[in-house]
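Just one chain follows, in the form predicted on its own, and it is written as structure tokens.
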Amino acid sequence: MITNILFGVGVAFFGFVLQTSIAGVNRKVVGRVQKRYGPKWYQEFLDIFKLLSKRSVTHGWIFDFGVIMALGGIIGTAMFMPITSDLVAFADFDNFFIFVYLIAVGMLGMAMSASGSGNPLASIGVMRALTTMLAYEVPFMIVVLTIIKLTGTSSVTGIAEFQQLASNNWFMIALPLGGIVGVMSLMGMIGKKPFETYIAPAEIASGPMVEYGGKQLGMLFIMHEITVFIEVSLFVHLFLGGAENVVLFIVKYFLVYTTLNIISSVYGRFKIDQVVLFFYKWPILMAISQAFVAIYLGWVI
């Protein structure tokens, strides 16, 4: 058990380093798309370490404890994430629903801390984040439940191995409508435009992040990077067949995250009501249609 825990912490650390590095590279990629030069690829690390070296202001024990709860909850979630079929810290607990429940701990910690700051902009940001979550999770869960029905397992590793069989395609191909819904939902999860409503620096001054600085802001940056690692990794395993080795996992991860960043760089931002109406219109219709076609008609590519 101790070995599993240490391995799980190593997975979380790997996720932080991987995502922070790729995020730094993507800042240069997006900069070139927008005809400018981006910062150095390691600037993300410098920013985080600089923040961790600074003092921070407190707004009470709820504000402080929420940051610890948020970071701890996300690290705990990342510990269960498989990298490949063989690199899994807790082989019997890589269940999709475990990720759904555990990641909520980190999100609730963030919401509790931001609300405890007393800043109305932070509360508005939290409400927007929860509203956006309710919007994209419904169509996403319909697609994932369809995948679970087709594979007969809710294990993330099991779903990835099912797609690796010679007779099967990736679900991105086998369920094209579901794959499109997965991409749109992932953009909502990681807060990319046009679904970036809860940070909105020009409108609500970064929303939940408005009162943070110093060590607390640095911890939340670490939390954000690990959260993105969890969400993009789930997409890779659920829709792109996972990976047989670490190099292939990194390649798929990089391609998914970079593609979303390039799409985000050329879009404006929706209003919060537009986000909800959008997800409850086309994505949910596509998800239900895909479920009906795949489960009841048996039409899978």
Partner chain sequence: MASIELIIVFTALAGVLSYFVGRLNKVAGSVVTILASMFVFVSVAYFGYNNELIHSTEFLPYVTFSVTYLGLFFAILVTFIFAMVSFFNPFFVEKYKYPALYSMLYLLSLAGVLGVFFTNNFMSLFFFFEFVVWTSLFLIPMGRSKRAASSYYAFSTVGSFALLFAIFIMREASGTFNIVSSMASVNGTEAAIVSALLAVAAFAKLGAFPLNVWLPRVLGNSPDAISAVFSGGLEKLGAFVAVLALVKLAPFGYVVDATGLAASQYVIAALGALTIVFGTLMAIRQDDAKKLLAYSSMSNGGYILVALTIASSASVSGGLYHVVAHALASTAAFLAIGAVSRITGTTKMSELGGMIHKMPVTYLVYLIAIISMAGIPPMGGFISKWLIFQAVIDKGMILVAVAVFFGSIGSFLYVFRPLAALFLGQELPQHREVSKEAPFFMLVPMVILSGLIIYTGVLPNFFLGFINNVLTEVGVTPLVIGSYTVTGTNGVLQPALIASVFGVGVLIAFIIFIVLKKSRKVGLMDTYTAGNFIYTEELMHYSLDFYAPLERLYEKYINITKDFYKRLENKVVDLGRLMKYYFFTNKPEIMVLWIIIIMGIILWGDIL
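Residue numbers count along the first chain shown, from 1. No experiment lies behind these values; they were computed from the predicted model shown.
Missing here is the form predicted in complex with the partner chain; even so, the following discussion is about that form.
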Using a 4.5 Å cut on heavy atoms, which of I199, I180, L102, L87 is close to the partner chain in the predicted bound form?
-> L102
N261 within 4.5 Å of the partner chain in the predicted bound form, heavy atoms = no
Is F80 a contact residue for the partner chain in the predicted bound form, using a 4.5 Å heavy atom cut-off?
-> yes
Non-hydrogen atom contact E244 with the partner chain in the predicted bound form at 4.5 angstroms = no
Answer for I301 alone: is it within 4.5 Å of the partner chain in the predicted bound form, judged on heavy atom distances?
-> no
Residue stretch of 209-217, 164-172, 227-235, 190-198 approaching the partner chain in the predicted bound form, non-hydrogen atom distance within 4.5 Å | 209-217
Partner contacts for 1-17, taking the partner chain in the predicted bound form and a 4.5 Å heavy atom cut-off = M1, I5, V9
